[in-house]
Structures are given as structure tokens and as C-alpha cells.
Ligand SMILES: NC(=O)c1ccc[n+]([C@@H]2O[C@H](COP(=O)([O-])OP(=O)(O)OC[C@H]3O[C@@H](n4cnc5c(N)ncnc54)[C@H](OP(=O)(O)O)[C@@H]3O)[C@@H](O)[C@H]2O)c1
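One chain comes next, on its own, written out as C-alpha cells in the form predicted alone.
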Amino acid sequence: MNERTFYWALLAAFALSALVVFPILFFVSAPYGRYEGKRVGPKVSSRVGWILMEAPAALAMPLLFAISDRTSSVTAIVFLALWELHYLNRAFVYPLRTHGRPMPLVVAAGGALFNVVNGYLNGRWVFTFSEPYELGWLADPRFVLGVVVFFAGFFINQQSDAILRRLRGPGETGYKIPYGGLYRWVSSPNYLGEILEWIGWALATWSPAGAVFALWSFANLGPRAWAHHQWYRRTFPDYPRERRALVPFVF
């Protein structure tokens, strides 16, 4: 089996696993944060957990870029910059700002494995297996729309995370009702923002790997947003009734 055949088989399996995981996550929430169980094995600090989970994606993409023959391509450099904008923040900036509870090591390891596979699939496509993206691609409507959606999602994600951080004082790990930004309409705008980022990436790269990543983002974060929404309603009697879980006025 050559690498290209392996690549397509892995991509298909990755897409199928998203479809399988999606309904399961409506019944079984990943055991970290407010859903942490008692039998989750050893734990690491929230900061260490996030770095372990997200660093593989931040490191895989520049590595795959460096070993490709497209290091002089302006479009490839732009794709690398978009990816790193998200993952350098998620792997090395966000963990230093968060005050979350200790994370089960098994969750961090699972996230790391996901990011290794996803980083490989996306990096190998945009830097090797796709037809080269010419400079003119930066003016293509698919790229332009994708970048707009990506940055809209990035802004929503960053704004929402900042609102959540301000809810906790030093040493606090409890939960409160967030207000402001898109929290006016949904319980998890941070997840909505991240999903939009990867829809934007899929459009900008116009790639099967990007499409599968967008699918995975919704399959993972959609059910968790629903779980958060139900948890907020059970926990806080005064929780705003007009809010939806993830998409304003819809879901």
C-alpha cells in the first residue's frame, strides 16, 4: 500500500468515525470539566492537559510544510498561518489563561491522537496531495468566503473564551451563567466559533480533509454544546430561556 492509498483509507475511516461518534456523544459526554467522573484514571493539570492535546496539531502542520515542495508557495504559507493562528493560541496561549479543573490523562491522550491524525490529513493534503494552489487561489470566491468565515469564527471563539475567563477569580473552578457577546443567544458560542473556523478552513482549502475536519468539529462540539445547555438549565433556575444550545434561534 502506498501513502496515497493509505491517506484515502484513513480519511474515509476518520469521516466514518465522526458519524459514529456524533449520536453517542448525546448520551455520553467526554469525562472532563463539569462531566468528570470518578473513575477516569490519573489526571494532569488543566494547563498541561490542553498543551498535550493541542500541541501535536500546532507542530504537525509546520513539519509537513517544511518537508513538502511548496515552501515557497505564498498560498501554502497563508494556509499554514491560518492553521497556526488557531493552534498556537489553543496549545500555548489558552492554557496559560485557563483556570480549569485537572484533566484526565486519557482525555488529553485521546485529544492528542485526534490532532496527530487530523494534522496529518490536512497538512498532507494542502502541502502535498492536492493540486498546487496557485497564487490566484487567494482571489477565488471560495478562498475569500472561507477566510471571512474563519475569522468570524475565530473572533467569536476568542470573545466567548474571554467572557468565560472573567467569570472566575484566582483559584476558582466553579461555574456561573455567562453573559455578553453571543451568550445572549446561545449557551456555547465558543463552540460555535470553533465550528465556523473549520467550516471556513474547509471552504478556503476546498479540500476533502477540511470537509471531514468541519464534520468532526460539529460531531464533537454539537453534542457537547447540547449537554452544556441542558446542564445550565438544570443547575440555574434563572437561566435565560431564550437561549439555544449552539445556533441562535435554531439549536
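All of these numbers come straight from a predicted model, not from anything done at the bench. For every residue, the number given is its place in the sequence shown, counted from 1.
Absent from the display: the form predicted in complex with this ligand. The rest refers to it.
Partner contact region in the model of the complex: 159 to 167, out of 159 to 167, 130 to 138, 143 to 151, 67 to 75, criterion any non-hydrogen atom within 4.5 Å of this ligand. Shown here without its partner, the chain carries Trp125, Gly200 and Gly210, none of which come within 4.5 Å of this ligand in the model of the complex through any heavy atom. In the model of the complex, this ligand lies farther than 4.5 Å from every heavy atom of Leu52.
Although the partner is absent here, Asn190 is a contact residue: one of its heavy atoms lies within 4.5 angstroms of this ligand in the model of the complex. Put simply, Tyr232 is close to this ligand in the model of the complex: some heavy atom of it is within 4.5 Å. Under a 4.5 angstroms non-hydrogen atom cutoff, this ligand in the model of the complex has Arg34 among its neighbouring residues.
A heavy atom within 4.5 Å of this ligand in the model of the complex is found for exactly one of Leu196, Val44, Leu221, Ala58: Leu221. Taking this ligand as positioned in the model of the complex, the residues of 86 to 100 that bring a heavy atom within 4.5 Å of it are, in sequence order, Arg90, Tyr94, Thr98, His99, Gly100.
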